[in-house]
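For reference, the chain that follows is the form predicted on its own, supplied as structure tokens.
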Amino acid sequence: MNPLLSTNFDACTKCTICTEYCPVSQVRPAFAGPKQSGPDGERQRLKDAAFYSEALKYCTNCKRCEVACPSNVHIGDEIALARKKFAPYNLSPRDAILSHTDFMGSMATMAAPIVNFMANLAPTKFFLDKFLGIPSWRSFPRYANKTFRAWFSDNAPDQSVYKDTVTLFHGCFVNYNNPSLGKDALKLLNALGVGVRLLAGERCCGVPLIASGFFQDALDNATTNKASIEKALENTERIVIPSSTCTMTLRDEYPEVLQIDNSSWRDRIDLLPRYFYRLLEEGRELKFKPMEKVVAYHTACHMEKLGWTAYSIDLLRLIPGIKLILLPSLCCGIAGTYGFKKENSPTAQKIGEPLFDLIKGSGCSLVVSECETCKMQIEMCTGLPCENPVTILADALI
């Protein structure tokens, strides 16, 4: 067992602070809360599997319970492991579509204009709502005409001129939906004197598969990524990632939930803003032009779990003229695929309402977050653009 595995329910002191911080507990009474579903429930489940409750599916895996826990009990991981062990295997086509992002993305990008057009038609939305359980009012991210990996293959020779290199784990959203974020990452890394390689054979980090119960598929992806990461780190300093969720998954979910030993390379997995900050501390420079904008920073749940918000905030403050509003740390509710499921969508929207109201009342013209699904939720529910800090920094670069 990996030494990082620390889901010891006996460390729980029953203080219930996790329940106080749980966004689901506040709006969905059917969910007993992290303490009852995690440590308390595990004690019962060890006695008899009949104590497993289907209500555990209401957990969003936001990790706020783990951030709040004074005893460092990995409550969200206990709930995920309980679902892995005890939940009935009755996975739906809807869950397969939402969670198998590499398959869906590779298919959709081949006919992106048609897919994007069809996704917004009323008959399509009716079908998805009635027969698949994806709410008709839900907006979908657009697919790119060309994947980021395809674009990179055309531009890879430009990266060979740099002495220092890192390997970019771009993630599914960058590859299939938002290649411009990957291009922005290259722009900043190159400006800092660092060349970029892509992780050979990269697969989805696995977090949507874990959330939807496809644990074997998640393990297959993790096993492939582990081998690719270990190979890449023979010739590069670090693996850098724009997404807070992908970063957290590779660092923490692999050993905790999938029991993948990453102890030899966990500390070499870095979120891009954190890596940029380190390079600036070493004496490298980025020069920014003024940006007269009011920008609201949203701390994504998995960013809260990483504890790395200060890096993004300090970098954004380097841009002249920017007025940065730090929003209270609140969950937007979408939790990856959670908010795309009809049975969960009322919960997701109720969770996010306080955050949406704060954003609308802040006077900002732009929201910043490291999470791609927070971007989808915030843009749909506030009408304001939401971008990764990497994009804001790249836009301001001289």
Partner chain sequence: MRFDVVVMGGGLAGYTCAITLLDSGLSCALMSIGQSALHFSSGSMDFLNALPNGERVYKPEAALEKLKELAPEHPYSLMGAEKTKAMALEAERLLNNWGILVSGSFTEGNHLRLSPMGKLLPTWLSQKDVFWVKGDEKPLWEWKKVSIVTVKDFLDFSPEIISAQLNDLGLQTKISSFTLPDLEILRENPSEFRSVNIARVLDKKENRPLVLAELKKATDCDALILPACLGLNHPSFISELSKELGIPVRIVPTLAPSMVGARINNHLHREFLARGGVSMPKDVATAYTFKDPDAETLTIEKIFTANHGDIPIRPRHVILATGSFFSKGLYADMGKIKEAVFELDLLDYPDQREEWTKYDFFAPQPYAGFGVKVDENMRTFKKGKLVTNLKAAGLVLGGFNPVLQGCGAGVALVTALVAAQSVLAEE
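Residue numbers count along the first chain shown, from 1. Model, not experiment: these values are computed from the prediction.
What comes next is about the form predicted in complex with the partner chain, which does not appear here.
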### Query
Even though the partner chain is not shown here, does residue 146 get within 4.5 Å of it in the predicted complex, heavy atoms only?
no
### Task
May I ask you to state whether residue 42 is within 4.5 Å of the partner chain in the predicted complex, using heavy atom distances?
no
### Task
Considering only heavy atoms, tell me if residue 379 and the partner chain come within 4.5 Å of each other in the predicted complex.
no
### Query
Do residue 384 and the partner chain come within 4.5 Å of each other in the predicted complex, heavy atoms counted?
no
### Query
Would the partner chain in the predicted complex be within 4.5 angstroms of a non-hydrogen atom of every residue among 26, 29 and 66?
yes
### Task
Work out which of 180, 71, 116, 124 lies within 4.5 Å of the partner chain in the predicted complex, going by heavy atoms.
71
### Task
State the residue from 313, 112, 87, 132 whose non-hydrogen atoms include one within 4.5 Å of the partner chain in the predicted complex.
313
### Task
Can you check 321-329, 182-190, 79-87, 228-236 and let me know which stretch has heavy atoms within 4.5 Å of the partner chain in the predicted complex?
321-329
### Task
At a 4.5 angstroms cut-off on non-hydrogen atoms, which residues of 271-302 are near the partner chain in the predicted complex? List them in order.
274, 277, 278, 281
